[in-house]
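Only one chain is included here, represented as structure tokens and corresponding to the form predicted on its own.
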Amino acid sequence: MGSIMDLGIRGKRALVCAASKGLGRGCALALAREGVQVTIVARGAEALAATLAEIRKVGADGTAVAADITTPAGRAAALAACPQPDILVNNAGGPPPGDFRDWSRDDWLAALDANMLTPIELIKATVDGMIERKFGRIINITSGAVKAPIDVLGLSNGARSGLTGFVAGLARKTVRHNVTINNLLPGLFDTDRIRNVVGAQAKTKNIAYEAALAERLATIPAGRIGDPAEFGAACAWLCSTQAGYITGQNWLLDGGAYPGTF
């Protein structure tokens, strides 16, 4: 599948986290199609190998690292494989749904580690190299819940909002060096994560999974679930040379579900 618009990133190096499945995989494949050298990180070696095979199928150079990006050791392994990325896609599985009354301090710290502090650590490790080379694109995959909180996702609402606030300040300082930092906010996409969230909502309401999914679909003006490939295409464009004037933004990809003007 060739691009009509050349995004100008052929030969650049990308580090894509949680990239064996779902939205991370969609981003990795979209970048690979643009000729980017992609290093993908995920915990599951099997799914990782399958995604690496897809990357090579589109003719791109790829490396896979089986590691947990939310740990210091995992980040060290990822950065050893791709020490100077031009593109960084931060992504990690969201914390479990539930009722805040049941969460301990450790639950909160795990959520902050995965969905706020891990991206910040990876930005810290890579942004100065991007500034020196006068090119960098950092994308954080957050959630539509940052704009419209989802009741059962308190851990995610909190941790991801913390990251969003941090990024808002930093993104204004790096852009003069052609290093942009933006957030992609997915709504309902066809991923394992969404199956878990809808399952949790079904359990809370004591209804069947199909009924819970139908309820969610009824709130999406597009009338369908998103495809990870279209999410990846949006990510690739935000990483393009053409997108250098966009920074500190929160892009919603939710089929129109968020009802606000702003």
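All of these numbers come straight from a predicted model, not from anything done at the bench. Numbering starts at 1 and follows the sequence shown. We call the rigid core the largest set of C-alpha positions that still match within 1.5 Å between the two forms.
Keep in mind that the form predicted together with ligand NAD is missing from the display, and what follows is about it.
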{"item": "Ligand NAD in the predicted bound form: contacted by all of 19, 92 and 143, heavy atom 4.5 Å", "value": "yes"}
{"item": "One stretch from 233 to 241, 27 to 35, 207 to 215, 63 to 71 that, in the predicted bound form, holds residues within 4.5 Å of ligand NAD by heavy atom", "value": "63 to 71"}
{"item": "Non-hydrogen atom contact residue 136 with ligand NAD in the predicted bound form at 4.5 angstroms", "value": "no"}
{"item": "Residue 115: touches ligand NAD in the predicted bound form, heavy atom cutoff 4.5 angstroms", "value": "yes"}
{"item": "In the predicted bound form, residue 203 touching ligand NAD (heavy atom, 4.5 Å)", "value": "no"}
{"item": "Ligand NAD contact in the predicted bound form: residue 192, any heavy atom under 4.5 Å", "value": "yes"}
{"item": "Proximity to ligand NAD in the predicted bound form, single hit among 123, 152, 170, 188 (heavy atom within 4.5 Å)", "value": "188"}
{"item": "Stretch 219 to 242: residues contacting ligand NAD in the predicted bound form, 4.5 Å heavy atom cut-off", "value": "none"}
{"item": "Residue 225 C-alpha moves between this form and the one not shown by 2 Å or more, core aligned", "value": "no"}
